[in-house]
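As structure tokens, one chain now follows by itself in the form predicted on its own.
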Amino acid sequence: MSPKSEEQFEEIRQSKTKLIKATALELFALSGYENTSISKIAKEASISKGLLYNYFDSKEELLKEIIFEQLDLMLELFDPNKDGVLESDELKFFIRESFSMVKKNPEFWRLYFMLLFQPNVMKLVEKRIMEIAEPLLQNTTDYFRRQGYEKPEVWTRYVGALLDGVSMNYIADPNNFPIDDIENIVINQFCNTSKNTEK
């Protein structure tokens, strides 16, 4: 049997890393972060605990990689041309893609929303989440200001809470919650560039 090449080792490493993260995400979302041990993750992934530590130094590191990887993907969807100015078509794109991510990966978002209500765990990822959220909040506030909304920072928070609320309701009842119809309502309300006198 010939020795494995560097490319083969890298493929194995990526495969194991993906397996560990997928298993941890499933367990974190099902049982909670604090109730999930490294031993349980290793057992469910059918690997040894020692091997798992070859890939991740701790459960905290594993959680951070899972959270930040997904949030960084979301950040890439915001203001796609990265010019620092959010236009209505870009906001429309972001809303559609955000809901698409929720539909494709409900386990992650279940975990994310669980973390929001677990202060001790949230502290582990809060700083990075705020770093990711800051440009989104600022650019969205600028968007509402340009659209002529009074108190644009309030509208920014409202839209954020609305997207979170829709996502949580979908995760709770994916077979019955009309996320696609609500997505269109949100887009029609906030991605129309003409001013609304009721704002």
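All residue numbers refer to positions in the sequence shown, first residue = 1. In this text, all values refer to a predicted model and were calculated from it rather than measured experimentally. Rigid core: the largest C-alpha set superposing within 1.5 Å between the two forms.
This protein has a second form, the form predicted together with a further copy of the same chain, left out of what is shown; the following refers to that one.
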Contact with a further copy of the same chain in the model of the complex, heavy atom within 4.5 Å, among Glu134, Glu150, Asp57, Glu69 goes to Glu150
Interface check vs a further copy of the same chain in the model of the complex: of Glu61, Asp142, Glu26, Asp164, the one with a heavy atom inside 4.5 Å is Asp164
Please determine whether Ser46 contacts a further copy of the same chain in the model of the complex, using a 4.5 Å cut-off between heavy atoms.
no
Please run the contact check for Tyr53 against a further copy of the same chain in the model of the complex: heavy atoms, 4.5 angstroms, yes or no?
no
I'd like to know whether Asp181 contacts a further copy of the same chain in the model of the complex, with contact meaning heavy atoms within 4.5 angstroms.
yes
Please check if Gly84 has a heavy atom lying within 4.5 Å of any heavy atom of a further copy of the same chain in the model of the complex.
no
For the stretch 164-189, which residues lie within 4.5 Å of a further copy of the same chain in the model of the complex by non-hydrogen atom distance?
Asp164, Gly165, Val166, Met168, Asn169, Ile171, Asp173, Asn176, Phe177, Pro178, Asp181, Ile182, Ile185, Val186, Gln189
Is the C-alpha displacement of Glu107 equal to or greater than 2 Å between this form and the one not shown once the rigid core has been superposed?
no
Following rigid core alignment, is the displacement of the Val121 C-alpha between this form and the one not shown equal to or greater than 2 angstroms?
yes
Examine Ile47 after superposing the rigid core and state whether its CA is displaced by 2 Å or more between this form and the one not shown.
no
